[in-house]
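Next up: just one chain, as structure tokens, the form predicted on its own.
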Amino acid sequence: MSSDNIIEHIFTPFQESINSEQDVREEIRNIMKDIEKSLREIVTTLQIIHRTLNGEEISAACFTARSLFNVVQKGFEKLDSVIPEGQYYRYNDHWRYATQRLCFLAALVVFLEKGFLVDKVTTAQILGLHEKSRIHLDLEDYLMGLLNLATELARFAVNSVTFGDYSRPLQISKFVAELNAGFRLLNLKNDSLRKRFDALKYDVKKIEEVVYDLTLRGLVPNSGGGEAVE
């Protein structure tokens, strides 16, 4: 066999592999366009919490978000069908950021509806990432979503006071304090997750300042259980 034939024999399969990978990535990008479109719609829908105190309007926004999550589930169903077996980490850079944002939005919806922290399994179910053969919900993406939730709730606490809701910041303060305590149980060594966790203390401080200011103004019950002072 000549040297030219040897080179061709070696390199031809490489091109086939490159073409195959490019085809898969193109399919993923097309699927992610639909998922990200629903993500943006959910974000827009839930922004109503910063514009109104109306509980019915917020409940309606959560209902709409839930229906949009159904679209997201179908997107991840398609994604699961195109990812080659055992190659999740080869391609997951395409959907990692979107998944983190979706985890945050799922956690926000559950907080608004129920007032508690959604667990990882339930989050995976909301997104449609449970019981899939080739894709799954990474723990890091779930935790990143929770840290993003804390930042959004800090903003929510401030805007709630602007609209005259003085009880919401107390609820948020307790929730985020418990979330912070949970993260402190973890020995985080991942660089990006650790850096994002370090920013949580600023969200906690921002919310605490809101509650402190309300307390000084007599707009919340005091620690002794007395009525707020007008």
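What you are looking at is a predicted structure, and each value in this text was computed from that prediction instead of being measured. All residue numbers are counted from 1 along the displayed sequence.
One more form of this protein exists, namely the form predicted in complex with another copy of the chain; it is left out here, but the text below deals with it.
Student: Exactly one of S67, N54, T162, S167 has a non-hydrogen atom within 4.5 Å of another copy of the chain in the model of the complex; which residue is it?
Tutor: Comparing distances to another copy of the chain in the model of the complex, the residue within 4.5 Å is T162.
Student: At 4.5 Å between heavy atoms, only one of the stretches 151-159, 105-113, 67-75, 124-132 reaches another copy of the chain in the model of the complex; which one is it?
Tutor: Contact-bearing stretch, as computed: 151-159.
Student: Does at least one non-hydrogen atom of I28 fall within 4.5 angstroms of another copy of the chain in the model of the complex?
Tutor: Although another copy of the chain is absent here, I28 would stay clear of it in the model of the complex, with no heavy atoms inside 4.5 Å.
Student: I'd like to know if I58 sits close to another copy of the chain in the model of the complex, meaning any non-hydrogen atom pair within 4.5 angstroms.
Tutor: No, I58 stays farther than 4.5 Å from another copy of the chain in the model of the complex.
Student: Would C62 show up as a contact with another copy of the chain in the model of the complex if we use heavy atoms at 4.5 Å?
Tutor: Contact check for C62: no, nothing within 4.5 Å of another copy of the chain in the model of the complex.
Student: Does V24 reach another copy of the chain in the model of the complex, with heavy atoms at most 4.5 Å apart?
Tutor: Outside the cut-off, so no.
Student: Which residues, if any, of 71-93 lie within 4.5 Å of another copy of the chain in the model of the complex when only heavy atoms count?
Tutor: Residues within 4.5 Å: none.
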